[in-house]
Structures are given as C-alpha cells and as structure tokens.
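Just one chain follows, in the form predicted alone, and it is written as structure tokens.
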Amino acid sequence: MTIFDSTPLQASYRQLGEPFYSDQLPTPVADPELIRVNPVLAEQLNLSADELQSAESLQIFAGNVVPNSSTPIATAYAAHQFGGWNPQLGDGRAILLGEVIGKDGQRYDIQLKGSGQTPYSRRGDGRSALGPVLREYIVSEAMAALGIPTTRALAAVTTGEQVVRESLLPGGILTRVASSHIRIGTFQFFSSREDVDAVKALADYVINRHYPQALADQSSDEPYSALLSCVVDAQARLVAHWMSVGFIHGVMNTDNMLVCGETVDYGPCAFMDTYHPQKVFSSIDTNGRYAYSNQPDIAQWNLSWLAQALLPLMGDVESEAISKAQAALGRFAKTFTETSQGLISKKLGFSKPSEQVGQLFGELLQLMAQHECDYTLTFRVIGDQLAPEDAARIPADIYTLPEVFADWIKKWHNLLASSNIEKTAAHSLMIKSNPAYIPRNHQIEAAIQQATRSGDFGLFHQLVEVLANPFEYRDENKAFSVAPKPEEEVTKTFCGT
C-alpha cells in the first residue's frame, strides 16, 4: 500500500495543456534509503502517516515507482536571473507528481526535487546532492514553524548514487509540497512569446486556485488587476516576515517567487547571525543585489514583471491598463509597511504599532549594527528582562546585551509604562514573536557534513526537531541557540546545482 493509493493524486495544472509542461517520468535510482518523513504534514494533506513510511512509498519518493494516479510533468517557465533575462528555464530537476486536497480544502502540489533530467535541464544532470536536500528540509520546516508562508518537506531520501559537482557527492531527493509551483516566471514565459491566451488561461487558473476573491472584488471592473493586487499583497507580507526574523533568501529571481506567496528555493539562503542591513551570504550574489535590506525593493521589481505580463488582460486602452497596474503595484509599500510595523511592534512587546515604537526599533537596529550584535538573540534577551522568575531565559553564558544598550533599555521600559502595557503581557508577546532557535548556518553545515561524510543523520534529525518549536527555550537544547564562534561562522552559502 502506497501513500497515494488511498488518496489519489489529481492533475488540475496538467489540464492547462502542453505549452505549460512536458510529460516526464522520474529517473530511477540505484539504492534509495529513507532519511526522514513528515507525518504531521502528511496528516494535514489527508495522507496516511503510516503509509508514508512504507517500503512502497519510499520507492515513490525515490522516483523508482510512479503512483497509479500520477501523470508526472515538468513545468515550463522563464525568469529574470540577477536582473538578466532568460527566456526559458523550467523544472530542470523537479517533477510534479500531482496534487492533493488538504484538510483545509486547499490544493497542494507534490513534487520530487532532484529526480532526474527533464527537457528543461539545460545540460544539467537533473539530480540533487544530499546537502541541498537536507538544507531545504531543515530551513523550510523551520520557516513553517516560525509561521512564515513556505513550501514544505514531506520526505527526504538518499539515492545510493553519486552526483558530480566540484567533487563526487552522495545524491538525495526531496519530496516538496507547495500550494502551487506557479511562479512570476511562469507568466513571463508566455508573455515573452506574446501568447496572451496562455497568460489568460494561467491567470484564470491562479484566480480559481489561489485568489477567488479577485472575482468578487467589486472595486475592480475586471479580475486581473485584482489578481495582481492579491499577489502584490501576498509578496509584501511574505518579505516583511522574512525581514522580521533576519532571513535572507539569496536568489530572488523571478522564477523563485511563487504567486501563491510562499517561500521557495532554499539554495543559498541564510539567517543572519550578526546583524548588518547589507548582509549577503549567497556565493553567486557577487554584487549584493539580494542583500538583506534590498529584499523589499527586489520584490517590487519582480512584481513589475508580473504586472507587465498581465497588462494585456487589464483592458483594451493601454493607458487605463497601465494605471490599473500601477495602482496594484502601489499597494506593496503600504502592505509591507503595515505588516512590518505590526511584526516589529510585537517583537518589542507592543500589541499595536506607533510612531514611537517604530523610532525605538530603528534606534535598536542602529545599536545592533554598530556593536555587531546577534539579530535573534538580541531580541530574545531583551524580552527576557521582563520574564517572571520561573520563566526560561537565554543563559548569560550564551548571550548578554552590551552595556551601551542601557539607555535604550530605559527608553523601552518608559514607553511600555506610558503605553500601560503590563510586563507579563509584553513578555508573553515577545516570547511568541522572537525565536530562541533559528536554522543557524554553522549548525546546518555541521549536519550536512556529518551526513555526507559518515552517513550519520543524527544532528540533522536533532535540528529538525528543535526547530519545530522555535519559541520555547529549553536548557537541553541550549547548544542550538548558540551563535557561531568566529572559526565556525559560515560566510558563504551555495545553490547546490
């Protein structure tokens, strides 16, 4: 019995027609072994957690067996990559098995990543090394636990084969789940070919699947500017959440922005240790295009290409269509600012944003940058100052605030008092808003090295389990909250392709 026998896969995206995809079977592998499965996610997807761990399901996750209900495809898309136009990309190492309906009534893609060559592989082998599979599993599940919209990991397997990169590396395959894998670059693929009918078909599909409110929006005389507004709002909220936890995506090309508003592609991503607004980790981002503080501007730039693709659908009069698109794009700043203000207020213990809270937050960031403070631990330790006697705190031997913060702390206390906010209420809000644990780059790298060099997945499993409860500090997990020593610091992250 396999995981998709009792819950057959559907293929609504495939019904859009052949220009949108190529039929593609996964390429079998030699000797797969299961690394980890995600029974909690399986239950949310109406899949059997017991069947998830069966020998038969392992063969599906490895690409050796195609479920009876599956008609696998590789999807087509284009992209702006680091600002340069690439007219055809597509799923070069990913195959969409199909879709399931979750307990929430929503449709979810089930995709194998690293499952072999497709027509879009561009001379690549279509495979994934084990390291990127483990990284994506760790970080995507951590993001979900932090409450940030993201693709998810249902299973990870080894292939029993080597892949050729700079050296021979063990291979792996990730079973990835997404609300959909439709990208801004998917729209660009058809727009660049002036295939307005395909753009319309795709837009109608996205409205039906993700944004039915675009049809019900009485403020718009057509659904496509309403669709653009929905995507703009979703991306603005997403990037605001990234910024609030110090996350740097690293490769914000238009093919790595899903129109459903979920984080996708965890190749060269990283969470900041030491705070700096221009922090860059990605080894391929040599000019800092996708630096931490640039992410909102890049998201808006990417969204302008979605607007251009949708423009022919917004009316016959070009000037009117442009006006609608500009209005939709203009929502980004408002939505991003409102979301950010709400998040940063909670990080400081205030339930509502205000000009004073915003100013206080800005002053804190300046101090953190000047004194090279750890982004995550600074907020957590500030909150600990309000903790009741019996509450768990970050130990002083892990992190303490520099003495220069004393004046800022006094201003913060005064603002809480003048806002009539009880210390216990502020502490409770801050603990829920500031994680004790994030996917630290040095710990991810250690887990990858342990797995690839000796086949030991112990640290990988520990990381996944600790990061599933990021806000609850426990002394037994103390090591996972520690910032890296100078010799442990990871300064570059890699795509893995």
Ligand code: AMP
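Quantities reported herein were computed from a predicted structural model and do not represent experimental measurements. So that there is no doubt, residue numbering starts at 1 and follows the sequence shown.
Quick note: we don't show the form predicted in complex with this ligand, though the next part is all about it.
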Triple contact flag Arg93, Asp125 and Asp255 to this ligand in the predicted bound form, non-hydrogen atom at 4.5 angstroms: yes
Could you tell me which of 391-399, 352-360, 74-82, 206-214 sits within 4.5 Å of this ligand in the predicted bound form, going by non-hydrogen atoms? 74-82
Counting only non-hydrogen atoms and a 4.5 angstroms cut-off, does Leu89 reach this ligand in the predicted bound form? yes
Check whether Asp285 has any heavy atom within 4.5 Å of a heavy atom of this ligand in the predicted bound form, and answer yes or no. no
4.5 Å heavy atom contact, His276 to this ligand in the predicted bound form: no
Report whether the minimum heavy atom distance between Arg193 and this ligand in the predicted bound form is within 4.5 Å. no
Identify, from the list Asp233, Asp265, Glu141, Glu99, the residue with a heavy atom within 4.5 Å of this ligand in the predicted bound form. Asp265
Listed residue that, although this ligand is not shown, lies within 4.5 Å of it in the predicted bound form (heavy atoms), from Lys200, Lys334, Arg165, Lys411: Arg165
